[in-house]
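Presented below, as structure tokens, is a lone chain in the form predicted alone.
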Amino acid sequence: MKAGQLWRKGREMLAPSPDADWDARQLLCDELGIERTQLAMHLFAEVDEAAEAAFLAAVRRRAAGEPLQYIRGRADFGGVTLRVDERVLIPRQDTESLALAALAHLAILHGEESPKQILDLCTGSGAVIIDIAKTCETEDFAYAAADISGDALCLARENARQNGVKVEFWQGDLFAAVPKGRRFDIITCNPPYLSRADMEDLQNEVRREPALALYGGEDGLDFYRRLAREAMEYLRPGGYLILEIGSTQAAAVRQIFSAWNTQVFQDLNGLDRVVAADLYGKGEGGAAWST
């Protein structure tokens, strides 16, 4: 069968999904070993039986609700490509706002006492810390990350190696993973923040992602309460705690951090997505962002 015919068959199998065309194209290009933009040049090429069978099997997995990123085994995030599977939450564009906020605050701190120490909690696939490290590419910064899941850390370590960045990885529950005496200039975290009601209303494909990385307690705010209590012991003077939040959680999270200076930043869709908090009066660090 020709590639164009196979693409059409994949679209038909995935209909009526609004993403049928996109998903079929991505999966077909993977099997053909080409970039998505090159498909037009291969539409009349014959596809061998093995590639055809692999493509149709991948389409059936997608039609059954398996996330595209798990089927492909990878996801793009910021400036890096990461391996992903069922061990980790799929990195999403919303979370790129967390990495960007951290980079903006690092730009403020750069040039002061070095090296700067950056920690990413609930790291999952390592997306945030790896993107930050890959973007900075400087010996002035040292990078560390932690997660409660050993399976997630295995994948995060692999992603760091594949992207050529040096990150220390620790296993444990939030700050319980951090070696005694370590303090940081920037601590990022994309904690589980879905409420019980959110979990009951999840899309089917999101239900395939690890609940450990999604559920944040009855009201979704349990981890923010813990971070507000514990983080100050791990921040250097002038340091920032930078957190992803649900788009309706800004007021509640700011209330939890009422003893801190806080700012709220929006994602590319104009939704509240990040809270930056500090204890030392440097709230101007996010001046380049909308509040």
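On a predicted model such as this, the values are computed, not experimentally measured, just so you know. The first residue of the shown sequence is 1; numbering continues from there.
There is another form of the same protein, the form predicted together with ligand GLN; it is not shown, and what comes next is about it.
With the partner omitted from this view, the residue of Trp170, Tyr193, Phe175, Phe141 that lies near ligand GLN in the model of the complex is Tyr193 [heavy atom within 4.5 Å]. The single contact residue among Lys134, Arg92, Arg183, Arg208, judged by any heavy atom lying within 4.5 Å of ligand GLN in the model of the complex, is Arg92.
Among residues of the shown chain, Leu155 is not one whose heavy atoms approach ligand GLN to within 4.5 Å in the model of the complex. In the model of the complex, none of the heavy atoms of Ala104 sits within 4.5 Å of a heavy atom of ligand GLN.
Contact check for Leu221: every heavy atom lies farther than 4.5 Å from ligand GLN in the model of the complex.
Interface residue remark: Ala75 is not counted as part of the site for ligand GLN in the model of the complex, having no heavy atom within 4.5 Å. Screening 141-149, 161-169, 77-85, 184-192 for residues having heavy atoms within 4.5 Å of ligand GLN in the model of the complex returns a single hit, 184-192. Residues from 207-231 that approach ligand GLN in the model of the complex with a non-hydrogen atom closer than or equal to 4.5 Å are Ala213, Leu214, in the order they occur in the chain.
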